[in-house]
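The data below hold one chain only, encoded as structure tokens and taken in the form predicted alone.
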């Protein structure tokens, strides 16, 4: 009997319309746990580097987490993994809500999509009944409206739906997959649209087997209350009205500009009043006591959900007030557009127009006000009309398609993808490494276990460390030594980067929300889940013998596997450069040293390739053999240093 997982994946060939229920290998669970981990192995095995993201052979994989549908609170993050046409590299996205647990209750751990449907379809999963249905009548319909229509047609009000809007249908690179109060972005919506799949609809009523149910419930029940009472976990930013930090440190427009002094108490009160006037309710995700999302309703608009950090992204990009942000979100979420990348693309187009690179011929009837311009450009982009066809490919590609100096306005892309638009003064050592070497496209999927800044007061710093149960001992020492306006040591920076990313790889395998674990440790130092208590939850749920060191190794294994996927597709050290003006003050010599030391620590070559010895020690010998056969590595290239364990 399989515990915590169902032991079956759903394989869907959209070209042939073939659907199979496939038994999975339990050995993979021990190696990778599930979620992103086992999805990475599938992509390695079945999608070679010669496959273009728009080829039918590319896979799109929806994965429930290992702990989904168990009593473990906050285990609800579905992973979506594929290859992005924007980067030609691995693309990883997450969304919360209820989809992953529902999929598990239907009897499946993953949905593996390949091929392309001849016309628009949706996938209907109801326990053992699985079928592809015609969706041509849903063409052009908004993502949330599509979910409502399908539930009505099926007479299944409790079905969970993940759907795309017009952006996905038209293969806009920043298209999202929308589900309830959450969405999957960063390169996955364009692939489901390319496969001509409008939506996936799931209804599951099956039980999930637990290895030690009494023991698991015994630690899950108090954890539910602990999460509820913990002020440092959940998406606390969603409830905050003071946005001074973001408006002072995020770039406005697409340029590297800040709008210092914009925030004041009067504006805060006014924005709070606007928010309260349009909010229907606060909502949460499956089996979680936190309410991190707002249901928003504007007169005459489809109800939508404000999630993650989207409440200012459009307003800051257009130099408008928050009411503009609510208006444009009502449209862009129905179209299915990423709230981080899309504002940058729109602001980029306005900069090109003001610089004379785009003209009235390119943008006929272009409005004069910033807000109206954004609505105008959204229509061009989502319909791939005129210059919108280039903009739909993201800033990096659009700049090179438009030419005429547009490349100089590509301020904030890295590895051909838009980054969170921070503007900071001095380079931050751990963040340089996380930006440069991360495989997950967005810093929020990498940072979070270690605080961003030191605590000035030494007594307060000591109190922070005294209650920092999540931290291995070496991090407590480094934090106690870290003084304001100083850098962590190179050794500390390398370890901080490693810890941050490792915890995310663990969360993304078991399906726990990063706001309860890997992302929230930087704020308050008290995440409910961490390297020392997660093994107990995993062991009780699955029956696996798990401890902190074994879990740490799983995180490293998954991280190196994803790295290998990108290396096989051409990623090298030359690509690992944050945007030139991300920090005002740069230090090229230190940046080189940081990369050198990080690569050594990870057991990689100086070109960022995992060494054969490193791969074999992580039970990734099949990757080492592939690299040797392709000439990416040589047999003599096998030295690797020992890394610290979880407990050190």
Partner chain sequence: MTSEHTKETKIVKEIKIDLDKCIGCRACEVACSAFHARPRYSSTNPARSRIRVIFDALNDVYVPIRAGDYTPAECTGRHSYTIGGKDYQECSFCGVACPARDYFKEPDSGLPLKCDMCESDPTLEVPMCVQVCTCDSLTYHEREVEVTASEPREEMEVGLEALANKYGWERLMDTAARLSKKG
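Numbering follows the first chain given and starts at 1. This one's a predicted model, so the numbers in the text were calculated from it and none came from an experiment.
Same protein, other form: the form predicted in complex with its partner chain, not shown, and the subject of what follows.
Asker: Counting only heavy atoms and a 4.5 Å cutoff, which of 141-149, 540-548, 500-508, 365-373 contacts its partner chain in the model of the complex?
Answerer: Checking each option against the 4.5 Å cut-off leaves 141-149.
Asker: So which of 577, 553, 206, 171 reaches within 4.5 angstroms of its partner chain in the model of the complex, heavy atom to heavy atom?
Answerer: Looking at the other structure, the residue within range turns out to be 206.
Asker: Among 290, 563, 311, 440, which has at least one heavy atom within 4.5 Å of its partner chain in the model of the complex?
Answerer: When its partner chain is considered in the model of the complex, the option within 4.5 Å is 290.
Asker: Is every one of 158, 214 and 285 within 4.5 Å of its partner chain in the model of the complex, counting heavy atoms?
Answerer: Each of the three qualifies.
Asker: Would residue 297 sit within 4.5 Å of its partner chain in the model of the complex, counting heavy atoms only?
Answerer: So residue 297 counts as contacting its partner chain.
Asker: Even though the partner isn't displayed, in the model of the complex is residue 259 close enough to its partner chain, meaning a heavy atom within 4.5 Å?
Answerer: Outside the cut-off, so no.
Asker: With a 4.5 Å heavy atom cut-off, would you call residue 71 a contact of its partner chain in the model of the complex?
Answerer: Because a heavy atom of residue 71 falls inside 4.5 Å of its partner chain in the model of the complex, the answer is yes.
Asker: May I ask you to check whether residue 305 falls inside a 4.5 Å heavy atom distance of its partner chain in the model of the complex?
Answerer: Looking in the model of the complex, residue contacts with its partner chain include residue 305, since a heavy atom lies within 4.5 Å.
Asker: Which residues in 82-121 have a heavy atom within 4.5 Å of its partner chain in the model of the complex?
Answerer: Residues within 4.5 Å: 98, 102, 105.
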